[in-house]
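A single chain, nothing else alongside it, follows as structure tokens in the form predicted on its own.
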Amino acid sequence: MAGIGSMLEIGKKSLFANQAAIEVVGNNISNANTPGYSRQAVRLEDGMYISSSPGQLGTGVNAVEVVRYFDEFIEAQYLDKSSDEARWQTLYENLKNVEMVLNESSTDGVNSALAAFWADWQTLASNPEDTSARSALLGHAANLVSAVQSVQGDLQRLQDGADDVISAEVTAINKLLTGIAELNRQITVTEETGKNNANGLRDERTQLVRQLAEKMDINVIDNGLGNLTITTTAGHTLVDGSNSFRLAFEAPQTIANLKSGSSFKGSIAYDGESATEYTVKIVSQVGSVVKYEVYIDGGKTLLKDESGNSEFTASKDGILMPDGRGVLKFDIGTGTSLQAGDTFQVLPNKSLFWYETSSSKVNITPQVQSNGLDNDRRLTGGSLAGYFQFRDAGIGGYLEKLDAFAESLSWEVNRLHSQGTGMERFENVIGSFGVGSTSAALGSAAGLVFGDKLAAGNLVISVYNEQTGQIVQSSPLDFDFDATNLEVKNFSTTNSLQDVVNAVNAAFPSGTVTADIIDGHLQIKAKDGYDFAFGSDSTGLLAALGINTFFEGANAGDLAINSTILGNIAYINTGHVNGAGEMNEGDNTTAKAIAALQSASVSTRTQSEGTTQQTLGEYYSTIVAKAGSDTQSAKFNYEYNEALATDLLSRQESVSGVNLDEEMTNLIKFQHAYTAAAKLITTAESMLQVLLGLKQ
């Protein structure tokens, strides 16, 4: 019922409401500079009404709840853009280190060493017997090898460093996930809809969610009452209410996905340094012979070798992968039954997994596919994606191109050098490239590094009297020796290393030259009193087996000068053996041919770019240019997404940030309201005194 008592009650409620409002304003002012704090306000609600005369009279105000100003729609956009910003910032900052490694503007690098190498061959072509020119060539070749290995080593260290950072990031992410889940639990316990809001806890959770978004791309779903669900944009649940799921950064491994009826009991392993994930798909199994295909990009791109073959046969000795980055060793084990369509995911590097349960895991390693797009079934944003892109598509791509450069340099020089002669002949030579199987085809299954470059043809070995230098025998090899039919059979890529040994021994039945196999490497040895030299080789066998070559190694990491040449510069080949088996020490045929490589277009092949035709100098320049282009692209994307994220954060701040002018205005407003409420109570008290005075 309306009356003076009601007036006192209205005044009291007004005092309490405005006092609460002033307290909230004071809290806003005190947290004006607190990171992550969202502006709060007391929600005032009109009290109930009482029907009376002359009509309904109000009962004052109620301070219902303390609300938090926060725009969830803007926040969702901000989280998305901050993920992209963090990804590109991470990539940009790290690619600047690659630019520094490849920068040749201020110091001598690979290109300058390569130019000196070609110039020395030109000089040697003019003076084939000049030992000082030979020594200079050896020195500059050593500089070239050192420069290539230095770049490779620096890139490899940056790649290894990325693994360490990723491991730390994953640990931090798991801590964030458990922290968010715990805050979800506390908010759920604390909050009561329309009455009690856990504003402080929500601010704390928002900060953790923002930190999480900077590390990976996420979707946030608010189920109400503090029950927040967070997933990756690909749909992997990270937090669901008070439950969290963990990520793990695990060592290289192989994951089998077998069909019903398969009973794989063997093992599949990868020996290499590839930054690419492979999917091995079984085509068929007949007895112990297993045929399979290799895919990248999660099964989208079928790998083929340079000959166009896409189907390979498994063996314990392993087979060189079509992209040349490592050897796949497939041991099917005893009693294994594989089905067509069985797949094995080969992960050569440490990879990121999402654990749905303690035993069920999913590979979510960020992956940039061959077409430049992200694999949208994996992580695609945040600093984590940036580090993986830097490690795999970034440095992995540069290392692949650097390896391709070193491989082409080694092959092209060796292909010419192996058919030449120096100032001395050989008494004993051992190939630097070995095979995994001495009975398998050299062109495919033997595991020969340059096996795919072999061609049908023949090669000539000439034997000389060691004392007089007179030619004793000069013969092409017979690769299918038949005592009853002395017709010379040419080499075929299906011939094995043992076939080569047999061909050499058959070509020189008197034993002036014999061949043998030492730990998978071909050895050719002359009988006492004889020595030998190599003539024309249309097969590429000598270069592929590492015999009479200038370089050893087939990639940037193991490129080296042939130890035979290092021990004796007389074995630097400048001339050649002519058709009559004669060698002229002053001949410059080989030196001229190698010097001409400087301006010759050669084939260089990578899995990501296929086969290109450029000079070796031009090809290396593309590596340097690509690093610069990638860095600028990352910088552009970083600055673009930074601008968007900054704008969205500014818009969120305009909603949730504390404006001191506004708070001061509110403070004055509530202060006056409080004073007025006190005056109302005083007035009611005066009215009550008047009524009590009537009684006297």
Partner chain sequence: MRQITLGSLIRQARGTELLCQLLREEHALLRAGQPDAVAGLEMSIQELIRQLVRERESLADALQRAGFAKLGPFLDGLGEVERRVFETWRAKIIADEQESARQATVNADLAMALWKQSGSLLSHFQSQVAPKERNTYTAKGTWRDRTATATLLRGRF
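The structure presented is a predicted model; accordingly, all values stated were derived computationally and were not measured. Numbering follows the first chain given and starts at 1.
There is another form of this protein, the form predicted together with its partner chain, and it is not shown here; the text below is about that form.
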| query | finding |
| --- | --- |
| Residue among Glu639, Glu45, Glu65, Glu653 with a heavy atom within 4.5 Å of its partner chain in the predicted complex | Glu639 |
| Interface residue in the predicted complex among Thr514, Ser150, Ser608, Gln77, criterion: non-hydrogen atom within 4.5 angstroms of its partner chain | Gln77 |
| Its partner chain contact in the predicted complex: Glu99, any heavy atom under 4.5 Å | no |
| Close approach of Asp71 to its partner chain in the predicted complex, 4.5 Å, heavy atom | yes |
| Any non-hydrogen atom of Ala643 within 4.5 angstroms of its partner chain in the predicted complex | yes |
| 4.5 Å heavy atom contact, Lys81 and its partner chain in the predicted complex | yes |
| Residue stretch of 47 to 55, 28 to 36, 666 to 674, 644 to 652 approaching its partner chain in the predicted complex, non-hydrogen atom distance within 4.5 Å | 644 to 652 |
